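Form predicted on its own, single chain, as structure tokens, below.
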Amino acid sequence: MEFKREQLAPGVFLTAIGTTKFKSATLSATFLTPLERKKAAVNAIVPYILRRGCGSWPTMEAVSTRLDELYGGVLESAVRKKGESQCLGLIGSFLDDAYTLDGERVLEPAAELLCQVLLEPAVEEGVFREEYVAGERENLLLAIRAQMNDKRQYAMARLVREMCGDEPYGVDRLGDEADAAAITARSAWRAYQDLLAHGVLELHYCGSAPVERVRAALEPLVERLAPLRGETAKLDCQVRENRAGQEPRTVVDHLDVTQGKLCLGFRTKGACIWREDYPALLVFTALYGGTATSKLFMNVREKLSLCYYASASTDSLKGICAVSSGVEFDRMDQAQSEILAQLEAVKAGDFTEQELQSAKQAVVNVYKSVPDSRSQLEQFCLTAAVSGVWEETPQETVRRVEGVTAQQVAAIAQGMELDTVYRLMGMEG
């Protein structure tokens, strides 16, 4: 498996992964743009409008028919958030040419279809079709409202919004309901034009074709995009530390729920993907609350039965660690105290060699599995594109993780600063 990355034009990049491991190939186009509160919703709707149809294939059914002709290919819209960047695009999955009948080529017509959907949207009166905008606006509103149905995810989203309310990171990938409701065909068209002109375009391929052929297949897309380009947007992600003397905030919501949610947000004191101690951050997260052998799981959940679940996760682009737990309303204080006590234990190096090795192995397994999945490879490359960290392959991360020491893990824990506590309580809790 070979990674090759090159710049095809200003702000346009191709990452090609040559492999014969999969029967299907991935071909995607993703615009990266700074995450902004007022633009998030209107940006988020664009990939879904594009998927509704294009000049050559003006309806969703027509696009699907064309995909069927390409051995049952798939083309899906995607809206993601990486650090403080919004990632908007189309991800295609097609039969790899190595498995077609009589050596038929799929890459070139798949790239042509991707180009058509991306650059030839169905329009009326110089903007997106009102019918398509109205339908996708309603879908976007439903998706935003549906986030509240999963209270575990909702509580984490509320923690992030409260913790990073004055930062781009506090913006949801889909934007908010009010902005989504205000989207018009004209505002969506302006957002689309802005992405074409200023977004960083990441083209991704994973399959058996050589990079020269992939480049040639995508050349029409790059050439047609060139006249529309302006100054490329600058991507950034600010990793903050708590202000000196800042006390943690506690935010409490009351909803009609039967199980409470307790979330704690920590700043990592600068530990992130760009620092040398990044592997130690990964191991710390696994040891503290990232696995079934972690401190939070074994002690807070299993030994003390204070939580229905308790886990920790880290956004390595933003330098934030969050603990998520499900707790009875009357055990909130006790659960919070024990979650913090387990952090103090890691700070003091109070963990066994077996715990350390289990945490390292869990992280190693995650990175070793990346080459086994086209979707994980695409996600890995997208993170690398946003962060600019291309020199470290999954194999290199594995090597560095295996060398992490107990002292390095304790040092990461010592840098953790509690920023915000979020509690979701019942109506009478």
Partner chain sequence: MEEKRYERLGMDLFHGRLDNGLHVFVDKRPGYGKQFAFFATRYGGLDMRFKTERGWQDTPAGVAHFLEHKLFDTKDGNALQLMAANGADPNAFTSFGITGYFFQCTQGFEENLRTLLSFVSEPWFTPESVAKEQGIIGQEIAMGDDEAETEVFYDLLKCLYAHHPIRTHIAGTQASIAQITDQTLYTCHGAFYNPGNMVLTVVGDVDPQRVMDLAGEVVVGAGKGSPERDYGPAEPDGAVERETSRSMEVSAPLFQMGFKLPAPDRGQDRLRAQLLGDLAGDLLVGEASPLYNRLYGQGLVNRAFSCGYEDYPGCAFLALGGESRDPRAVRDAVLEECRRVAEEGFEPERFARCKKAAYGGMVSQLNSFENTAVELAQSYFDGVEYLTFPEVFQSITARDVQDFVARYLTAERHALAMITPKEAA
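Worth saying up front: this structure is predicted, and the values here are computed from it rather than measured. Positions refer to the first chain, counted from 1.
Although it is not shown, the form predicted together with the partner chain is what the next lines describe.
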* Proximity to the partner chain in the predicted bound form, single hit among 167, 236, 253, 328 (heavy atom within 4.5 Å) -> 328
* **Sole residue of 301, 129, 240, 213 within 4.5 Å of the partner chain in the predicted bound form, by heavy atom** => 301
* in the predicted bound form, which of 342 to 350, 80 to 88, 263 to 271, 139 to 147 comes within 4.5 Å of the partner chain (heavy atoms)? -> 139 to 147
* Indicate whether the candidate residues 23, 51 and 358 are all in contact with the partner chain in the predicted bound form, with contact defined as any heavy atom within 4.5 Å. => yes
* Would residue 374 count as a contact of the partner chain in the predicted bound form, using a 4.5 angstroms cut-off between non-hydrogen atoms? -> yes
* Taking the shortest heavy atom distance, is residue 391 within 4.5 Å of the partner chain in the predicted bound form? -> no
* Asked: Would residue 189 count as touching the partner chain in the predicted bound form under a 4.5 Å heavy atom rule?
  -> no
* **Close approach of residue 364 to the partner chain in the predicted bound form, 4.5 Å, heavy atom** => yes
* Structure fact -> Contact check, 276 to 305 vs the partner chain in the predicted bound form, heavy atom within 4.5 Å, ordered by sequence, gives 292, 293, 297, 298, 301, 302, 305
